[in-house]
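Only one chain is shown below, in structure tokens, and it's the form predicted alone.
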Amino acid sequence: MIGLDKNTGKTECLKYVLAQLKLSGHRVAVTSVGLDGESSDQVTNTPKPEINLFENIIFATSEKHFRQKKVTAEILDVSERKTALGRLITARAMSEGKCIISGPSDTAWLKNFISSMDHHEVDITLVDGAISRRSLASPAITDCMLLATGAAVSANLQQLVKRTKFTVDLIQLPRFSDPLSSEIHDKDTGIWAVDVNGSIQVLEKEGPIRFNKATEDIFRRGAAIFFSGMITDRALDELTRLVNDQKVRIIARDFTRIFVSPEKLLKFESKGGKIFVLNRSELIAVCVNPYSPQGYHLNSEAMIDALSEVLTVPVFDVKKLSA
């Protein structure tokens, strides 16, 4: 679960999903890549809903917040690695109660945590994302995701819809499915050319790409370019220049690595360019929060209708569903 911005109702969404799973028979685990469950937002100083855990749910949180929990729990594991708030404690709730959830801080750690839940016969792991850490612990390693949006994004409904749709479009970019060397997944730095046979060659070991005649000839051989880091407007401008004469395909690791404006992306795609991702998670729904911490609010039904017109996934106001 990720939020398009702070105070978009991501925690309410988590609470709703937890409530639905409580009597489902599923073995559930929950953690967060940021900090969630505190009684007030540390940035805006506005009230935040607390996380209520049910009996037998497995949860992972920091030492600091484990000590502050208001739930009886059995410790299952104590990590060797530390977060800024201490080691990670994995535990099973023995009663109902509240707890602040603050878990793995990067993608590799989060992925290992999800895999480790197999040992506890967990069949659904919920990961509460944080917008400030979106690119550190990528939501694309999960099977599916929920996106929270709301009045905190914009007081203008049209702007809210525009920003939400752009993010959804990035989440739904197609996975790169051409023959692909497994080596590319391990490239943490640099910019690489991937040809139709799946072989790769480095274009830039680090830093922004510098286009020259040799680089441009890459496309004539049917290659795509893989960016191990960020894709920016500057890179997209250079690639858009080549689209007229050549088939230009670029690959991002996942949607969180794409930092381009809607206008630049539209121009690139309208000229025939295509962006793919290596890792892709299925977006299953968008949740809306009509209230902003600044005091204004939008009409919930109007938000749902406007977003439903431009999105291909269901849109819900979970607060209304919970009422």
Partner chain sequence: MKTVRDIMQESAGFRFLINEINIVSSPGRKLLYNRQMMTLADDIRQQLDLLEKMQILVQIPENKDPIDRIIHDLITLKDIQLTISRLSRGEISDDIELFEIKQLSLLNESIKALLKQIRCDLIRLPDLGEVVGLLDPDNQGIPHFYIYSAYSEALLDLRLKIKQTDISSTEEWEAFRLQEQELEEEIRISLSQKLRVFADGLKVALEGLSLLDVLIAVANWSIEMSLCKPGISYKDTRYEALFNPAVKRFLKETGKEYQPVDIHFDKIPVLITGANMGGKTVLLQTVFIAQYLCQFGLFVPAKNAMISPVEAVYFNNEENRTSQNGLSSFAEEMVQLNELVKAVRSGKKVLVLLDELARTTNPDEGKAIVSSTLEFLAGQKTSGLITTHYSGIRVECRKLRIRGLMYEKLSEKIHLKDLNRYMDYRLEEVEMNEAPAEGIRIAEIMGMDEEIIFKAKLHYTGKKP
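Positions refer to the first chain, counted from 1. This structure is a prediction, so every number in the text was calculated from the model and none was measured.
This protein has a second form, the form predicted in complex with its partner chain, left out of what is shown; the following refers to that one.
A.B. asks: Check, residue by residue, if 55, 89 and 94 all come within 4.5 Å of its partner chain in the predicted complex, counting heavy atoms only.
C.D. replies: Per the other structure, all of 55, 89 and 94 touch its partner chain.
A.B. asks: Which is the contacting stretch out of 293-301, 55-63, 250-258, 267-275, given heavy atoms within 4.5 Å of its partner chain in the predicted complex?
C.D. replies: In short, 55-63.
A.B. asks: Quick check on residue 235: any heavy atom within 4.5 Å of its partner chain in the predicted complex?
C.D. replies: Contact with its partner chain, no.
A.B. asks: Do residue 76 and its partner chain share at least one heavy atom pair within 4.5 Å in the predicted complex?
C.D. replies: Looking in the predicted complex, residue contacts with its partner chain include residue 76, since a heavy atom lies within 4.5 Å.
A.B. asks: Heavy atoms within 4.5 Å of its partner chain in the predicted complex: does residue 70 have any?
C.D. replies: Answer yes; at least one heavy atom of residue 70 falls within 4.5 Å of its partner chain in the predicted complex.
A.B. asks: Indicate whether residue 120 is a 4.5 Å heavy atom neighbour of its partner chain in the predicted complex.
C.D. replies: Contact check for residue 120: yes, within 4.5 Å of its partner chain in the predicted complex.
A.B. asks: Which of these residues, 185, 98, 175, 241, gets a heavy atom within 4.5 Å of its partner chain in the predicted complex?
C.D. replies: Answer to the contact question: 98.
A.B. asks: Where, within 272-300, is there a heavy atom within 4.5 Å of its partner chain in the predicted complex? Residue list please.
C.D. replies: None of them.
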